[in-house]
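First, one chain by itself: the form predicted on its own, in structure tokens.
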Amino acid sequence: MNFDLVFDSMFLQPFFIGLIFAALLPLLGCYLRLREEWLAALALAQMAAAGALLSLLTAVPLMAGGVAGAAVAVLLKNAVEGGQRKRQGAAYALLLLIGWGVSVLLVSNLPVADRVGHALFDGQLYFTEIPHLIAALVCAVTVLGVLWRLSPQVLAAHFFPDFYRSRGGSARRIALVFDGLVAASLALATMSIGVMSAFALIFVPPWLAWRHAQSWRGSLFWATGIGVAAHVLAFVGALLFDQPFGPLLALVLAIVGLVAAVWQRMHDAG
């Protein structure tokens, strides 16, 4: 184990990029869980990866291709659902299959896509650069600013849909804006920490927070805290044991989730 790597300045930038998404994705994940649309996260991340790989066929940057792929996923999802939100609907499964199929075909037929594909699915946090940090910061500021104003409307549209519509609110417009925030965040996170790591952050912390928090705000704080703690633990562990960050983060979150679920089950049984 090399403890000097933990304090090496060359890893400071990747650490903060991962930290931004470790705080942002669980926050968005709470809203996805509220809307019972958490499967959308995996579909959007997979479509973002497909978009990034498709950008290799053009002069479009990877990040732009990833965001474009996630944006197309949002448009297709709304087209399939016809403006009606369907919890864990078929749209997500179809998008997941499309993203996976396109990605595998590109990786199989393009040598450069093979290398980029492994980076996208395994995570390339250690190789991120200043543009990734700037994109993460801009994404975080934008999402938090929009979400601050959008959150009351999302909650009202979910809990009091008839009252919300009677006041002239458009649940479809709110859903489209929120989907756009999730798509952009997941696309940029996929470019840095990988598909499954991004999905783990947006799924596991909110799932745990949902089981233990006593209020909506409490669930937001719990989810964010769990995501940040898991990121720090995985990042330090990856450097100490010379392991890839993405799979380690996913395993840390999965193990924490299993332990918490077993502990609660034993507590309820007792």
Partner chain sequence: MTGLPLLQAENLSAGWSRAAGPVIGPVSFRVQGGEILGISGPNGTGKSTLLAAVSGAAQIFSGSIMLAPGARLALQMQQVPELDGVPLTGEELLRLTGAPAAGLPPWLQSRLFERLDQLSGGQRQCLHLWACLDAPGEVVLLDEPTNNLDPAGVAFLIMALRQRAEQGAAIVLVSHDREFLVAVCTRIEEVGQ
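Every value quoted in this text rests on a predicted model; they were computed, and no experiment measured them. Positions refer to the first chain, counted from 1.
Beyond what is shown, the protein has a form predicted together with the partner chain; the following relates to that form.
Note on the partner interface in the predicted complex: the residue among Val177, Ile98, Val80, Ala156 having a heavy atom within 4.5 angstroms of the partner chain is Ala156. Site annotation in the predicted complex: the residue of Ala213, Val228, Leu56, Val236 reaching within 4.5 Å of the partner chain with a heavy atom is Ala213. The stretch from 159-167, 118-126, 67-75, 141-149 that comes within 4.5 Å of the partner chain in the predicted complex, counting heavy atoms only, is 159-167. In the predicted complex, the partner chain sits beyond 4.5 Å of every heavy atom of Val60. Contact between Leu34 and the partner chain in the predicted complex is found at the 4.5 Å heavy atom cutoff. Remark: Thr224 does not count among the residues lining the partner chain in the predicted complex, judged by a heavy atom distance of 4.5 Å or less. Contacts between 19-33 and the partner chain, taken as any heavy atom within 4.5 Å in the predicted complex, involve no residue at all.
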